[in-house]
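The chain below stands alone, shown as structure tokens; this is the form predicted alone.
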């Protein structure tokens, strides 16, 4: 064992910078979890405030759950993320397979680049793009489509019923390109001999995809799903805050835990309640990812994340 450790010492030194960054960024801030159980009051500096603030137990959690919107924001967060998890598997996998099957590889790379481009755009830019489409007076949909057809313009920013579809569309528009790259890289890594053997056996293109490509993509799909499940109680703040323009009339359909906590912190400066909501998200996310991983382990241990 000592000989093995000596031979591995250079690798431990190579690992050291990453471990130090992980400790500083991910583990040291965890001491701040105590704020969720305090009546936090700022005094001189953060450490002094942390040590001198009064402990109040679970009162911050009670305050969060007694607010009238606690159920709504939790429901919205979970339902949106469930829809995103499902669509972020089905659509990118289908598009990655289609791009891989294109004979014109230059065309495939061009399509991939075009689809990938929105991933690099800020949600601020996307919000103004959305506004150019959905503005009541000058929006392209009202002025350029509904108006010429003689239809009444829709007041998009005052009608919550439209926004589950709008937000889902913009999520897919922004992230599908990134997910396609991940699945396309996995498809490219599949040994070509599988497909050659399938052709010799008389398999059609669809049969090759069904019995070779999709089964070999399952490990990647499961890992990405487990990681997404771990964040099922966290929402994309930029999407839910910027795209709907933080319109109060849309809160029943667009308000999620992250946006609700942000507004609570900005309006009431209640740091303890915000920390309680963050801890609530983290604990439930941890429980869901462990539960999902346990289910996968029961079905197929080799595909489990840990």
Partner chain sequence: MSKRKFRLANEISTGSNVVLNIIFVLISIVCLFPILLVIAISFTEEKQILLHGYNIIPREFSIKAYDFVLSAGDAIMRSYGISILVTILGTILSMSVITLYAYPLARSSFRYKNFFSFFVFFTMIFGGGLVPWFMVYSQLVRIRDTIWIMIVPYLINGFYVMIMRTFIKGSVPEALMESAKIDGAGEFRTFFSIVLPLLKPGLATIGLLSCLGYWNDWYLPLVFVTKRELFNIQYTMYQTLSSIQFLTSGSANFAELGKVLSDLPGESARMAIAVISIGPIIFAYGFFQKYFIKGLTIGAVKG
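Throughout, rigid core stands for the largest set of C-alpha atoms superposing within 1.5 Å between the two forms. Residue numbers count along the first chain shown, from 1. For clarity, every value in this text was computed on a predicted model and none was experimentally measured.
One more form of this protein, predicted together with the partner chain, exists but is not displayed; see below.
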Exactly one of 214, 79, 151, 227 comes within 4.5 Å of the partner chain in the predicted bound form through a heavy atom, and that residue is 227
Which residue, 265, 253, 56, 70, is the contact with the partner chain in the predicted bound form, using a 4.5 Å heavy atom cutoff? 265
Residue 294 versus the partner chain, in the predicted bound form: is there a non-hydrogen atom within 4.5 Å? no
Tell me, yes or no, whether residue 231 is in contact with the partner chain in the predicted bound form, where a contact means a heavy atom of each within 4.5 Å. yes
Residue 274: touches the partner chain in the predicted bound form, heavy atom cutoff 4.5 angstroms: yes
Using 4.5 Å between non-hydrogen atoms, is residue 161 touching the partner chain in the predicted bound form? no
What residues of 188-207, in sequence order, lie within 4.5 Å of the partner chain in the predicted bound form by heavy atom? 192, 195, 196, 199, 200, 205
Large Cα shift (2 Å or above) at residue 269 between this form and the one not shown, core-fitted: yes
Once you overlay the rigid core, does the Cα of residue 27 travel 2 Å or further between this form and the one not shown? yes
Hey, does residue 245 budge by 2 Å or more at the Cα between this form and the one not shown once the core is superposed? no
In the predicted bound form, whether the C-alpha atoms of residue 19 and residue 224 sit closer or farther than here (change of 3 Å or more): farther
